[in-house]
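What follows is one chain in structure tokens, specifically the form predicted alone.
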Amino acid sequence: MDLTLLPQALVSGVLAAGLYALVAVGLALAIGVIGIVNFAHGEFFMVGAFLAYQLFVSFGFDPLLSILFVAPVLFLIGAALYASTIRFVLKAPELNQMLLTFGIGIVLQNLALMIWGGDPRSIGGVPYRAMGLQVGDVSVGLVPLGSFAISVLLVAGLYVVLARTPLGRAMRAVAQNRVGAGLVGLEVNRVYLVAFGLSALLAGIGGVMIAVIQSPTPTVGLAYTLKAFAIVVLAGLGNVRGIVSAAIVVALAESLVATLVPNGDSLRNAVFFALILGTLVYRSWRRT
């Protein structure tokens, strides 16, 4: 174990936490407000990545500018999927809801395979992709740093919306008691639709960022779904406010294992499973 790499591992972990929080907060929003576990959340992330790639290849759109197009498109996709499928299973058993979202994820993944194929798609020629800063032994890429800043702004913006706006108050009211919220005049179904659309929008913006950092494939969403679930479980199901601190814990754990443990890069996914298992066992132990 080379401890001289510790500062680099910590910085890389904190920067990754921003993107993880952005993806996970959308999943937490769907669980907390609508009460549905969305297994297709990672596919919204994947669709956002490929839309950014296609805009760059076809029209030369800078990936950062493509967020202005991708975000509303993902909101509309999320809203359309809610109106056409999700709302019909809200009173169904949870297993039915999970199977539906799992099926939506498979459909989106196979559509991406048909359109873009299975090979990684890279956005090359972006001038700032190779730029970075060097502070002592720590190097910081400009893209991860920008991704972290955008993610922090978006997550903070969502917190402000939830805390200070009529829409946020409506979401919190529906999350606490959907029947009571309906009785006082709130249009519960419309709140659900907006919440699900926002959830897809946030995942899609995260996808745009990963399209610049990595070379996405149609299966890239699965890895980020796993990370988002680990963060949501650590924060507490539906607890939007706990997402940031949980994302930092998960990202730091991943970065430290990948950097400091021999052959640690192959253990990245094991970190998330270990965190989910450890959290669930600890909470069960506290209740007994």
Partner chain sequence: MKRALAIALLSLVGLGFAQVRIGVLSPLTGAAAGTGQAQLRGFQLALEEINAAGGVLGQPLELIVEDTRADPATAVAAFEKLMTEDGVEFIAGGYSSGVTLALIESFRTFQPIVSWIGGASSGIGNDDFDGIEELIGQEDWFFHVHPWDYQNVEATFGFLGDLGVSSVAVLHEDGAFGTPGAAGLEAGVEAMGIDVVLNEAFTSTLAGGTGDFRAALSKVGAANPDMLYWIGYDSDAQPLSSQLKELGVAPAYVFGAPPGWPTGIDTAPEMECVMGLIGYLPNLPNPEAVAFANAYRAMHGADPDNYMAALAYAQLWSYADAINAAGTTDQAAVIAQLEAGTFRSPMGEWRFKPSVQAKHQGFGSDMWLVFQFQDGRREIVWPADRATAPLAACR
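Since this is a predicted model, take the numbers as computed values, not measurements. Residue numbers count along the first chain shown, from 1.
Keep in mind that the form predicted in complex with the partner chain is not shown, yet the notes after this line are about it.
Engineer: Considering the partner chain in the predicted complex, find the one stretch among 179 to 187, 140 to 148, 195 to 203, 67 to 75 with heavy atoms no farther than 4.5 Å from it.
Structural biologist: Every other range fails; the passing one is 140 to 148.
Engineer: Using a 4.5 Å cut on heavy atoms, which of Asn96, Asn110, Ser84, Thr165 is close to the partner chain in the predicted complex?
Structural biologist: Answer to the contact question: Asn110.
Engineer: Answer with one of Ile123, Leu158, Ile104, Val191: the residue that has a non-hydrogen atom within 4.5 Å of the partner chain in the predicted complex.
Structural biologist: Contact residue from the list: Ile123.
Engineer: Indicate whether Ile213 is a 4.5 Å heavy atom neighbour of the partner chain in the predicted complex.
Structural biologist: Output for Ile213 is yes: heavy atoms within 4.5 Å of the partner chain.
Engineer: Please run the contact check for Arg129 against the partner chain in the predicted complex: heavy atoms, 4.5 angstroms, yes or no?
Structural biologist: It does: once the partner chain is placed as it appears in the predicted complex, Arg129 has a heavy atom within 4.5 Å of it.
Engineer: Leu252 versus the partner chain, in the predicted complex: is there a non-hydrogen atom within 4.5 Å?
Structural biologist: Heavy-atom contact with the partner chain at 4.5 Å: absent for Leu252.
Engineer: Decide whether His41 counts as a contact residue for the partner chain in the predicted complex under a heavy atom distance cut-off of 4.5 Å.
Structural biologist: Because no heavy atom of His41 falls inside 4.5 Å of the partner chain in the predicted complex, the answer is no.
Engineer: Just to make sure I understand: among 11 to 39, which residues lie within 4.5 Å of the partner chain in the predicted complex, judging by heavy atoms?
Structural biologist: If the 4.5 Å heavy-atom criterion is applied to the partner chain in the predicted complex, 11 to 39 yields Ser12, Ala16, Tyr20.
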